[in-house]
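So this first bit is one chain, no partners, the form predicted alone, shown in structure tokens.
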Amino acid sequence: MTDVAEIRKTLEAHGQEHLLAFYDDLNEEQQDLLLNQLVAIDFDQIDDLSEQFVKHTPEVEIPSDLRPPETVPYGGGDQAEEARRRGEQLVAEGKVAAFTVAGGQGTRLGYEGPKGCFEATPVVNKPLFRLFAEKIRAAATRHRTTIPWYVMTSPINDTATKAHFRQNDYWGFSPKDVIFFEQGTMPAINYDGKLMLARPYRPATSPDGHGGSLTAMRKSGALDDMVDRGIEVISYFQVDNPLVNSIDATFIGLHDLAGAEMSAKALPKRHPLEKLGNFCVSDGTIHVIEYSDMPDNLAYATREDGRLKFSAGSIAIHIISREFVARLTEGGRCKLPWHRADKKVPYIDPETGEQVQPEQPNAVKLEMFVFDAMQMAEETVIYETRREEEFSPIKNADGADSPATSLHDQVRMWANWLERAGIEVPRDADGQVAAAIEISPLFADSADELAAKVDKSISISPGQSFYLGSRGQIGGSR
């Protein structure tokens, strides 16, 4: 049993004794819960971080010598065929794993539940998890191998996510090949450097950012599991983008041929202030500068042909070498830098016991960003992709990056595939697709595969809900 006297001494030494203000009023279960959470906090680290990020607001340092990065063009350029073959070889040899960062809730979408359970496709209304499962399974079937799927949840959605997979028979996966682990958390720190209580028995915490996924891989044992399975390459993507190519052989091959430790996909930005991080180079090192931190003179800078100088936008799709993750997390702590975010954090007043709902930011949340690891990689590849083929995230309830825009983009992509295969697609006077179209990745997960397999006599009527399932059946079948 955890010794409350020892914990009290530790708290007093760090000026955090208020965290036990309600200890004597708790039942035994709540007392154990609180003590176990306090034992897990590294108070020496909290002191250091409080000094750096709370008592002082660090300025974002922008290197003075920023220039655009070299990128590999869509398709792979001169290395296209060699990269594709190498990537396919790695997949077939069982050396590739899929990794989905899925700790978020669907709150901003008006959906109560894990975002991965949100129904996101235009005809069958597949949850995001099912869509990714079908993409990964399609790649595994093509290469006659097993591709394990690592899914990072969070404390708030872990139970619901696992239940979703159980209730749906793991979307065709063997349960042993879907490996769940939880994202880490960090305590919220108020502006006086004090940790806060969300409940009398629970400190206020928040997820430690998508960069924390690297530490979580190690602490959970997922990294050891990868070693046991012979995994060398991790295909990283986030849960909110239904267009992502989950297992891209060309991207994997480009990464491997370059001897890269971490690689990324990039999109040409639509405009200077699009909310995408900016890939840049400084002193030979790749940096991702947040859109909110990019100086205007650089954000608006153009080339001679009028295109943006810093046009490569980050879309959170990466290939990461397993050994690189092991190196960055050696000793159990991640070597990524922390970032400060000022937030409104509800808390229990330790003097009165009353719940306080602040109207203004009252605390600092600390998080790590996975793209910062690019700076630490010995070699990197930035691979251009096409927005219409691979990026239409679902982040907001309406407007940009919403379910409506994503559904539109999915239908447009599949319609283009069908037209490239020689099948007529109904369109309205403005050229918009006039049918709801969906193609299962288990039938075809690329335009080329569709063209090779689809029945050319298929007819699609205006207003029809058209679905090509795993065996080529047509209709709204689930």
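These figures come from a predicted structure and were not determined experimentally. Don't overthink the numbering: it's just position in the shown sequence, from 1.
The same protein also exists as the form predicted in complex with uridine 5'-triphosphate; that form is not shown, yet it is the one meant from here on.
Here the chain stands by itself, but in the model of the complex one stretch of 355-363, 294-302, 307-315, 236-244, 236-244, has heavy atoms within 4.5 Å of uridine 5'-triphosphate.
With the partner removed from view, the residue among 105, 406, 329, 205 that has a non-hydrogen atom within 4.5 Å of uridine 5'-triphosphate in the model of the complex turns out to be 105. Listed residues 183, 161, 380, 278 were compared with uridine 5'-triphosphate in the model of the complex; 183 is the one with a heavy atom within 4.5 Å. Contact annotation: residue 367 falls within 4.5 Å of uridine 5'-triphosphate in the model of the complex, judged by heavy atom distances. With a 4.5 Å cutoff on heavy atoms, residue 322 does not count as touching uridine 5'-triphosphate in the model of the complex; it lies far away. The closest heavy atom approach of residue 209 to uridine 5'-triphosphate in the model of the complex falls within 4.5 Å.
Contact between residue 126 and uridine 5'-triphosphate in the model of the complex is not found at the 4.5 Å heavy atom cutoff. Relative to this form, in the model of the complex the C-alpha atoms of residue 105 and residue 124 separate from one another by 3 angstroms or more.
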